[in-house]
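Encoded as structure tokens, the following chain is the form predicted on its own, with no partner shown.
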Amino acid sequence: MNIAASLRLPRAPLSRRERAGYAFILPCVLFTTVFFLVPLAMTLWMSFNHWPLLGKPSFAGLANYLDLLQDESFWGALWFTTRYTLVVTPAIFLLAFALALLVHRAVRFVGIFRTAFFLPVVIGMATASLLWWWMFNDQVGIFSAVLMDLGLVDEPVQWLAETNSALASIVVMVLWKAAGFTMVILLVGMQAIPQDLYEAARMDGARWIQQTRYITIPMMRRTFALALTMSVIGSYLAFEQFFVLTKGGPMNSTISVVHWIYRASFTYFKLGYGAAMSVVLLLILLVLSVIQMYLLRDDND
């Protein structure tokens, strides 16, 4: 006879407080299961199958992943997305940090400035891309018209028709669209810093730039890690701005990795192959996020 089993006490019924706790977390568990874990499991299963849009799927093993290793278009799109991320992430972070420093101080009309900087965030990315497509248009766009009126150019500028100018135009649009969101994250981090530190620094004669360097920046390492991680993930998942503004052109030079996954899945109807690319992209983002969190970890982490 098992002595341990004989000595085991019957499990006590859940108390009212414990049942209330489970009830509160149940919606979160259901939401995570339905909208994250189930789609993730389905995507992983699809990646091991030849899964046409119409017709019966067939098991393919690692065939999609082996094809992916030889897909120059995917690696080209991944390299372009990496270059785009390396350009746009520091630009968004520096602009957002400058805006957060500007609106952090209790000056007159600061609420108006905060609202103005954050306002582009509430506009959908596809809608913002359409708005900027009109402004970049070489026939009816406002940018070319202003430059011609000022006499800086003699003919309309084709902002989205050249490789370098197309990427630069998209970066400018994303800066306008996304800097306000990162600004709010950084502003919350700034407001969490105890004001006693600033008062003590001012009593010691520290100037604003010294307070920023020795108090604000060191105290915001966790906030920086959060903002940079979210910016990198958002940049790697960029799709609407490329799809609306350039449709991957000129000459497929602005195809992001998510745009290529979209083409493989819904233009070439290779859903299994698209799922394999999605899984690889997920692993890349997971590794990049871990590296960022490790490099920007706090001493107490």
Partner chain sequence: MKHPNWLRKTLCGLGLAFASHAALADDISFWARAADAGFVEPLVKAWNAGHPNKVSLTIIPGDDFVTKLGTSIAGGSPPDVVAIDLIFVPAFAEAGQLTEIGSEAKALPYYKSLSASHLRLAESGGKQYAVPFSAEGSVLLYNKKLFKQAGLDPEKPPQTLAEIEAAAKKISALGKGVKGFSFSGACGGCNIFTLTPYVWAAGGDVLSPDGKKETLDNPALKNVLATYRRMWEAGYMPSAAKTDNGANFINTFLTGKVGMVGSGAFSIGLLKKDHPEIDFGLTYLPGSKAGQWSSFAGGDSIAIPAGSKRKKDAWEFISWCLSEEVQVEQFAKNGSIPVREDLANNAYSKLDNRFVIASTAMAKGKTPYTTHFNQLFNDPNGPWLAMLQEAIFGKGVDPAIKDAKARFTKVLSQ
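Residue numbers count along the first chain shown, from 1. A quick note: this is a predicted structure, and the numbers were derived from the prediction, not measured.
Only in words, not in the display: the form predicted together with the partner chain, which the text now covers.
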Listed residue (L69, L53, L237, L30) with a non-hydrogen atom within 4.5 angstroms of the partner chain in the predicted complex: L53
Partner contact for L152 in the predicted complex: the partner chain, 4.5 angstroms, heavy atom: no
is_contact(T85, the partner chain) in the predicted complex, heavy atom dist at most 4.5 Å: no
Partner proximity in the predicted complex: I255 to the partner chain, non-hydrogen atom cutoff 4.5 Å: yes
Proximity of T223 to the partner chain in the predicted complex, heavy atoms at 4.5 Å: no
The partner chain in the predicted complex: contacting segment from 172-180, 131-139, 90-98, 213-221, heavy atom within 4.5 Å: 131-139
Members of 57-89 lying within 4.5 angstroms of the partner chain, judged by heavy atom, in the predicted complex: P57, S58, F59
